[in-house]
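First, one chain by itself in structure tokens, the form predicted alone.
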Amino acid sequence: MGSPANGQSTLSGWGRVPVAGREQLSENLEAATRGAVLCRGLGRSYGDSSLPANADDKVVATRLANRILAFDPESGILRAEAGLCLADLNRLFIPRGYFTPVTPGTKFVTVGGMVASDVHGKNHHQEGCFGAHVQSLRMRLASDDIVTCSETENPDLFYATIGGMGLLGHILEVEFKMHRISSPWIWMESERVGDIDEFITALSNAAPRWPMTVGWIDCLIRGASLGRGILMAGRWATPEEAKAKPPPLTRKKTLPFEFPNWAINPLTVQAFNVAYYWQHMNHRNAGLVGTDPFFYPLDAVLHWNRVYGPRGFTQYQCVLPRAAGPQAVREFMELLTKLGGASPLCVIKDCGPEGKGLLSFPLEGTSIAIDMAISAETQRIVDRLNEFVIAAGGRIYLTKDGFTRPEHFAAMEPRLPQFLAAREKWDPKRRLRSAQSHRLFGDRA
């Protein structure tokens, strides 16, 4: 049975903006989710998708329900409880020659959260989102019934749940296919890129040659160097290329205290960006790296989100469709630098075709993600960026969002009526809800 409430009076996501609420922890997710309004994993979504709409809502934390229930080494099919942490999955399976088919930029997420967000990674242009590799889900519905869904069993529920932000049912178990890897090492090449136009070309050239690509861009610099940065491309190293021993375990550091609000400002961000860009002295580098520094560089410092201070932060992530052309990316960067508010973290990625999840984020084009410290200007900046994205035919990532207005989301998401119809079928009384669904879809608080 579920444990008593853990005594917390507030909950927050990774953006560190608290709301009133409590969570219940339990190893028995099937029992704990009865009557629950919302499930949350490790609280790594930046905005309000894992936060309750009302302080009295029953919120279940899944992270103690983390058992691996079955694994077939021949097929790679793995079934696990929704609270299994990706970090634990990596620790157990990389030495056995398997890796999750898709990983986000942090390993501190649960497999249930990976489904609810339909996470994407550096290999989206070749492998799609995590949902493309999910075989089936076991879920508790708003009616408290427990069902299984897949491509062939309750398929409308299956595809509405993939990327559905936990609003169709509580995910209890996930079955998905692990990938075989040739070694525990990554062969990586990195390249210094001079401006945003060159970056778009470099991403396009790298996509057919590399299974994994990602870039960091300077989101403050203007003029001829607008959008300069570092492009990183990688693949699993062959046994012949790999070192004899696996990558060493990296000792985690912890940011021990909360920075003051003024620590992240245009001057400090500019200083960081200049130093980071010119740290890459050679135009091109190549060599072996471990999985953690390649996939999860920010995880090297635990609680790094404290750097934004008590005001908290948000991340704005959008995708601009390929059809809008590279000039749309340049114009977006010009608007972003003009509006200000950006941080040292600005990531650009190449996205492949849209997946089947009804609210899954990526579509074929260019994704840009920017951290922003929260200020009185944040809503205005998000509004302006959203207006641009809507005009370009793009969309934003709900897992990162805490500020998009409902009319903006409706304007950028043509699949929304289909998603809402699925909610109407599986949860007509809207019992399952979050602070995000209250904000965007008008669910009651």
Partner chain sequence: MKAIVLGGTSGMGRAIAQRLAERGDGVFLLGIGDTELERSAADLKSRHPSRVDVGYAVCDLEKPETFAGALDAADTALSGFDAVIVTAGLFGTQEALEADIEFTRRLVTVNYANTVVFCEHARKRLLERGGGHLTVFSSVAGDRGRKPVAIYGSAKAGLSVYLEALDHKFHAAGLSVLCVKPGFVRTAMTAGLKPPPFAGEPDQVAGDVLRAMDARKPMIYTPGIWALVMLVIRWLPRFVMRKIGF
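Here the structure is a predicted model, which means the values were calculated and not measured. Numbering follows the first chain given and starts at 1.
The same protein has a further form, the form predicted together with the partner chain, not shown here; the description that follows concerns it.
- The stretch among 24-32, 404-412, 50-58, 374-382 whose residues place heavy atoms within 4.5 Å of the partner chain in the predicted bound form is 24-32.
- F93 is the sole member of F295, W185, F93, F108 with a non-hydrogen atom within 4.5 Å of the partner chain in the predicted bound form.
- In terms of contact with the partner chain in the predicted bound form, the residue from L84, V115, L359, C318 that brings a heavy atom within 4.5 Å is L84.
- Although the partner is absent here, C39 lies well away from the partner chain in the predicted bound form, with no heavy atom inside 4.5 Å.
- The shortest heavy atom separation between D195 and the partner chain in the predicted bound form exceeds 4.5 Å.
- Proximity of E173 to the partner chain in the predicted bound form falls within the 4.5 Å heavy atom cutoff.
- Contact check for R63: a heavy atom falls within 4.5 Å of the partner chain in the predicted bound form.
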